[in-house]
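The chain that follows stands alone, in the form predicted on its own, written as structure tokens.
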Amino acid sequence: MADLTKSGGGLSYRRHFAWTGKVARTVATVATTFLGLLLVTFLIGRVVPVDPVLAAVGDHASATTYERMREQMGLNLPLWQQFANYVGNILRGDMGQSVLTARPVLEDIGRVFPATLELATVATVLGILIGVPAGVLAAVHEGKLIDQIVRFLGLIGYSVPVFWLGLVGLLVFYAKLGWVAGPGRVDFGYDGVVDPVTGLILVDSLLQGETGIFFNALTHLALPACLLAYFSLAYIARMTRSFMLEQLRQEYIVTARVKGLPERVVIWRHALGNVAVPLVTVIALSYANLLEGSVLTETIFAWPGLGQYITNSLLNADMNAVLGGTIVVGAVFIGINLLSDMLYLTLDPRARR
């Protein structure tokens, strides 16, 4: 009995040690990745043909003013020291001040990011609700008409430029048919009526009882969200089809059918259940891509999100804002990848062992 106790205690200790080591490796990986992101953005800020001092003081500033501002910004220091100061400022939440808005960059990003988050979230949910069933049906009916349709629509989603599809959508559904509202997040008369509690206008309007603004915002959101959802579901449907085809050829599927289980149980519970783990990673990457890749969509639809903010800042040589937005996008990618890994461990008991 004593030997068993010791053995059990040793096993528990080894498991605890293994989990501690895994957490430590994860933290080290995230920290290293984030440090690499900061290094890349720092180097970009030094090699672009934009003088941040001139952007701050203007072209007609005197040489004395120029040198004073250069010292104030720390650009007279050695490169390694500039990078150390840059990392320290970012870790303190100081991304500098925007030349375009004269406000701290972090404050600007906190103001515009919820719009991008709302747009990307609605698009991803639509992509999942349509893309996953479409991929499953295409795999089940491989080679048949529905499979050909899903593959054809997915090919178009990969091939058609997003800006062209956005312009066509505005022309048809807004200008011609009038089914949706035009560019912007709400009509001009509703702008500023809802207090930005969460920054998500659909949520804030409902919390404050402004149902009229809610439906108005929904009509503005519909077209850009459906556009992004189309690109998302094309990717999700394609990967779901691929995963399902692999599972449907496994022996456990044949066994389940031989036992007489209903086909819907075999497909939707057993086969789809086994592709849930890799599918989570696909959905997470799709969501991250929509968060950082909606620049053209936000520009076309005048959507006041992070993509439009970075674009306007780039056009006005506001490098603090551009680099700050880039860091946020990179941090989102890191966070979503970490979340998908955690979900992977939750969904797959074998990974925990």
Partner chain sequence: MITRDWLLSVSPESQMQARLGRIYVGWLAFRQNRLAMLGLGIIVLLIVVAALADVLAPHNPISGQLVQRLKPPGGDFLLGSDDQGRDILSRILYGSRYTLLIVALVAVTAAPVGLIVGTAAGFLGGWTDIVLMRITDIFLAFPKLILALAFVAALGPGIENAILAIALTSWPPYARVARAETLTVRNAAYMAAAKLQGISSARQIVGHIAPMCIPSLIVRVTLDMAGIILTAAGLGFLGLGAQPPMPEWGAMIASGRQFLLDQWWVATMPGIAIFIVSLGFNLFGDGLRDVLDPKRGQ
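These figures come from a predicted structure and were not determined experimentally. Numbering follows the first chain given and starts at 1.
The next section is about a form of this same protein that is not shown, the form predicted in complex with the partner chain.
Chemist: Would T65 count as touching the partner chain in the predicted bound form under a 4.5 Å heavy atom rule?
Modeler: Looking in the predicted bound form, residue contacts with the partner chain do not include T65, since no heavy atom lies within 4.5 Å.
Chemist: My question is simply whether P161 lines the interface with the partner chain in the predicted bound form - judged by any non-hydrogen atom within 4.5 Å.
Modeler: Flag for P161 set to yes.
Chemist: With the cut-off set at 4.5 Å between non-hydrogen atoms, does I310 touch the partner chain in the predicted bound form?
Modeler: The answer is yes: I310 has a heavy atom within 4.5 Å of the partner chain.
Chemist: Determine whether any heavy atom of L37 comes within 4.5 Å of a heavy atom of the partner chain in the predicted bound form, and answer yes or no.
Modeler: Yes - in the predicted bound form, heavy atoms of L37 and the partner chain come within 4.5 Å of each other.
Chemist: Want to guess which of 252-260, 168-176, 96-104, 204-212 is within 4.5 Å of the partner chain in the predicted bound form, heavy atoms only?
Modeler: Only one stretch passes the 4.5 Å heavy-atom test: 168-176.
Chemist: May I ask you to list the residues of 325-341 that have any heavy atom within 4.5 angstroms of the partner chain in the predicted bound form, in sequence order?
Modeler: Stretch hits, in order: T326, V329, G330, F333, I334.
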